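A single chain, nothing else alongside it, follows as structure tokens in the form predicted alone.
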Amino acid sequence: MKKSILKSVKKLFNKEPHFKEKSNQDRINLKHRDISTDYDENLEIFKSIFSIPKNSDVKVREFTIRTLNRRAFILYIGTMVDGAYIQEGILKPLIENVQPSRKIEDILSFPVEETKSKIGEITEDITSGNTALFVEGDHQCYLFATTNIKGRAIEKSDNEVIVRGAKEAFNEKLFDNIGLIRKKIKNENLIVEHLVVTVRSRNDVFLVYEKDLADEKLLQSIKKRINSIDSDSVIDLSILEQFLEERPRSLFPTILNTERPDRAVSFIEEGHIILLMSNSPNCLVLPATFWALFHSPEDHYLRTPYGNFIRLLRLVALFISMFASAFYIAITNYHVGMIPPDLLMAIAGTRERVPFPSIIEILMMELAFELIREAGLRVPSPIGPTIGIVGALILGQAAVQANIISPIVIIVIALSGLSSFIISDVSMNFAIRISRFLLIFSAGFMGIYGMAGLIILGLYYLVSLKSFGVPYFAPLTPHTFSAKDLIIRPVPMKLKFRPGYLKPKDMVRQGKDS
């Protein structure tokens, strides 16, 4: 009896929820049909699909083509098209032309993009901003590229600010973004390949790569991963990134996200593949390694000594950001013998009236710093920086005067927080900030031994990460042939090879075609 009850309970909790499909199956089947040659039937079908007249921005215009003496109607979404193009290039010639002609293409001044007969395919084109022309007696529909969606102009990059180099950044217009890449790569081998991610929302994704460089296995792997996505809607590249990652719960990112066309082009010319998507002012670079996320686009614009100086400074900032707070806790709690006597007396004097242990001090100030940082980002931009500076000054000074925090902790937190801003990649920046908290807890638990143990485990974890089959620390480990542009960048003349871990079709960078 007890066993049967336990089995029933297990089935109840392990059973997956079943939701009844509420979609209209008849409408789904309708989209697989071809359009009719009957004018009235086509009109009623598309009015039903687009819920006309309830759908106020979907427009239908009926008229008679004078030359053919046949009825016709056009269908388009008014908020996505250029009305002047439709009026002057499509409607006016069809209605007013009196010259004898048997073909629609000969009457119109506006070029016909393509012709289609499937109802579902025509619906997709209309929802993308194209205009559809249905002519009585024709078994196909004429489609015109009249899309004119308003959006931002090409502006400066907000997150990847540099002193030298191009200032333009991607925007939400997909064709502008492709044009920015085409402008920099004037090569017939540049491929812009189209894929559809989801069935219901039909989100378009474009793969951009050079066919004479990109590895075919890598390309097929990316396509397979994209086609395997099972979701109703993926509206942005940042969401798509989470679907594509091999370890979506990983603390460290394995896909590079950039909003700079020049940086995207540099990766394409190495053999990487980038992804673009409508309404996303950035692109994804596949695959990505730790070094790609660590580097900045400005490194290559500066002269080699200056670029290497910035890289070394960034490396030092990386270690300060991760280890400064944890190291302070470790030496003040467990390893006071490492501190010079004079400095030890100074630290002891500042902490004499502070009622909290050092780990509580550090955690309170780290959390306060993170709150001030996020608050400065979320408030309107004219007052955001002011709130951050004033908030930090007032909070720090008040905490010291109230004997809640010692002055040296303010110095440690300020140095640690400022160093984290040097890491330009947003995802890597988050990974370092979260890792800092893990190191703080490990230092509070076992001092430097706890930090060392966590660092070893972290390195084991990092070397196990892969981005579409590419090891995270390649080409350092496992060692592969490359240009050795890792920490110290060689002069441009020495950068003769592409990364070997990408298995590009052409390993050697050549100025002329071989």
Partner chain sequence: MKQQPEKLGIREYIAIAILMAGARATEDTPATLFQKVENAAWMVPILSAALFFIPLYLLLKTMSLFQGKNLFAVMNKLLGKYLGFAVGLIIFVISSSAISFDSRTYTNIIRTYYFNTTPILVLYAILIAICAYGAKKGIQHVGSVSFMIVFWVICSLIFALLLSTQDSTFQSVLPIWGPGILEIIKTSPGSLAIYADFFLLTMLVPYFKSNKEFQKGTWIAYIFVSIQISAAIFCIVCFFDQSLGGLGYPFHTLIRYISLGTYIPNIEIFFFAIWIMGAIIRFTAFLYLNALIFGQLFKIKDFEYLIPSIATIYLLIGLIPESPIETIVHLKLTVRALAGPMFAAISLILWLAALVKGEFKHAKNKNSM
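Residue numbers count along the first chain shown, from 1. Fair warning: this is a prediction, and the values are worked out from it, not measured in the lab.
Beyond what is shown, the protein has a form predicted in complex with the partner chain; the following relates to that form.
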Counting any heavy atom within 4.5 Å as contact, can you tell me which stretch out of 137 to 145, 328 to 336, 428 to 436, 235 to 243 lines the partner chain in the predicted complex?
328 to 336
Decide whether residue 64 counts as a contact residue for the partner chain in the predicted complex under a heavy atom distance cut-off of 4.5 Å.
no
May I ask you to check whether residue 340 falls inside a 4.5 Å heavy atom distance of the partner chain in the predicted complex?
yes
Even though the partner isn't displayed, in the predicted complex is residue 247 close enough to the partner chain, meaning a heavy atom within 4.5 Å?
yes
With the partner left out here, check for me: in the predicted complex, does some heavy atom of residue 455 sit within 4.5 Å of the partner chain?
yes
Suppose contact means a heavy atom within 4.5 Å; in the predicted complex, does that hold for all of 360, 369 and 380 with the partner chain?
no
Answer with one of 448, 483, 30, 49: the residue that has a non-hydrogen atom within 4.5 Å of the partner chain in the predicted complex.
448
May I ask you to list the residues of 472 to 491 that have any heavy atom within 4.5 angstroms of the partner chain in the predicted complex, in sequence order?
473, 476, 477, 478, 479
